[in-house]
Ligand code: ARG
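One chain comes next, on its own, written as structure tokens: the form predicted on its own.
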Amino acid sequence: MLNEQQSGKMWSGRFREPLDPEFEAWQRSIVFDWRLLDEEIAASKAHASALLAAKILTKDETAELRAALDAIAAEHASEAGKALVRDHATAEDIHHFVELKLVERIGPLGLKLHTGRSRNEQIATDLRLYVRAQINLVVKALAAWAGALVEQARAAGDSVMPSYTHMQRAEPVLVAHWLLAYVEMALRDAGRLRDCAARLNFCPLGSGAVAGATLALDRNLAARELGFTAPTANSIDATSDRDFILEYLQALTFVGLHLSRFAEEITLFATAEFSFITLPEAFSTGSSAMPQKKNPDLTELIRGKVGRIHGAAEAVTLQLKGLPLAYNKDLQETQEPAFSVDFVPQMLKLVARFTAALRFNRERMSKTAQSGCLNAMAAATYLVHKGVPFRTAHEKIGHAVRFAIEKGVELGALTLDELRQFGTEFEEDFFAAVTLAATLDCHDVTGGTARERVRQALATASEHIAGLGAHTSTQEAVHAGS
């Protein structure tokens, strides 16, 4: 008859037959959940503290267990050490691996640590710790990208560019105003991730397999040690909840979407047809066939990565759909999608350096922003201030624009007599109202491209980015303390 000590399994007492070898290899999760070693060690140390408080462990036993756990973490901290975890011959999962290593180091005391807990609560805890740490990395990287955008916006000063609607030139805007649009996206992304981190920050330890621990454990002890807000409120939900993984992946999908929009615009603006931007060579590649080429590989790859992120979110959605409570082995399949997006912090770091290295063709952008009657909205606003209803003003300026186009000039180059054929309201002050500076500054509202408003927006954005940095520093301290 098989038993736990003979088979090395954590569950074998009830079984008489060994597992089918192919099935055993197929169902093991150590090949991907090895990434959770640090989280498993931290959670195990916290559980030891709870067992000590419950008088299941002595002080000496607790100290020995915690020291052994730290030694296991240190032994496998290097890349070679991580490979040893991943390639372990018999461990089913990261929990089994740590138990086997504990027994190797300290004998039967290693088996005592599993008292009062289940792997169901262990994996739920490990994954929350992992996702929380990943969110911290992504938020920190978002802050770096937003900071690079702000620095470019400051450097741009009062440089102008055309804005677009329907991919057609619309109105002149400050280059800084365009860059700050992406800062707003990054700040929203960070906010979503922080919201996710706040919602997941409750500790499943003490939930048992489904109904709660059978020992009188003080769940607050483990929660505090791991930096959680509090214990989870319901053991059934705690062991089966993977909402936080899905929410995390959905939040990352927004990050990917915004990066992809930025990448698309940079790719367009770097073409000879636009010539707004010079691509930094350090982030570009050439063609093996055409010697003159400089290709925007970084921005193209960013556009492509969005599919992988969204695909991970979709995979988890389908895994969770229709699962009965509580833990089911299906939940194991939510782990790899969560691990598959660990490239996002690095991608953001690269985008931040890429953004800082961008060079803008300000003369070309300014010239483009002042051609094609892009001051038409400002011209219509001029007539509104003269008491003309906007719809009428819109029509009058539309006629003037058509006349200017046919003549091959800009609105400001028409004579006063030419303008007055479209309305007697035109006066000499019209020409001052449609200069580039006036066209920018007539948008003098919160969120507008007026020069003073953009200067204020830059200051506000810098404050918000600094706030993100303070948040990530706090989270890093919590994680390091675990």
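What you see is a predicted model; the values in this text were computed from it and never measured. The numbering used is simple: start at 1 and walk along the sequence shown.
Same protein, other form: the form predicted together with the named molecule, not shown, and the subject of what follows.
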{"item": "Heavy atom within 4.5 Å of the named molecule in the predicted complex - residue from Arg105, His310, Arg192, Arg119", "value": "Arg119"}
{"item": "Single option in His76, His177, His95, Arg132 placed near the named molecule in the predicted complex, where near means a heavy atom within 4.5 Å", "value": "His95"}
{"item": "Exercise: Thr62 in contact with the named molecule in the predicted complex, heavy atom 4.5 Å", "value": "no"}
{"item": "Thr253, heavy atom within 4.5 angstroms of the named molecule in the predicted complex", "value": "no"}
{"item": "Non-hydrogen atom contact Ile123 with the named molecule in the predicted complex at 4.5 angstroms", "value": "yes"}
{"item": "4.5 Å heavy atom contact, Thr299 and the named molecule in the predicted complex", "value": "no"}
{"item": "Contact segment among 280-288, 372-380, 331-339, 144-152, judged by heavy atoms lying within 4.5 Å of the named molecule in the predicted complex", "value": "331-339"}
{"item": "Residues within stretch 289-324 having a non-hydrogen atom within 4.5 Å of the named molecule in the predicted complex", "value": "none"}
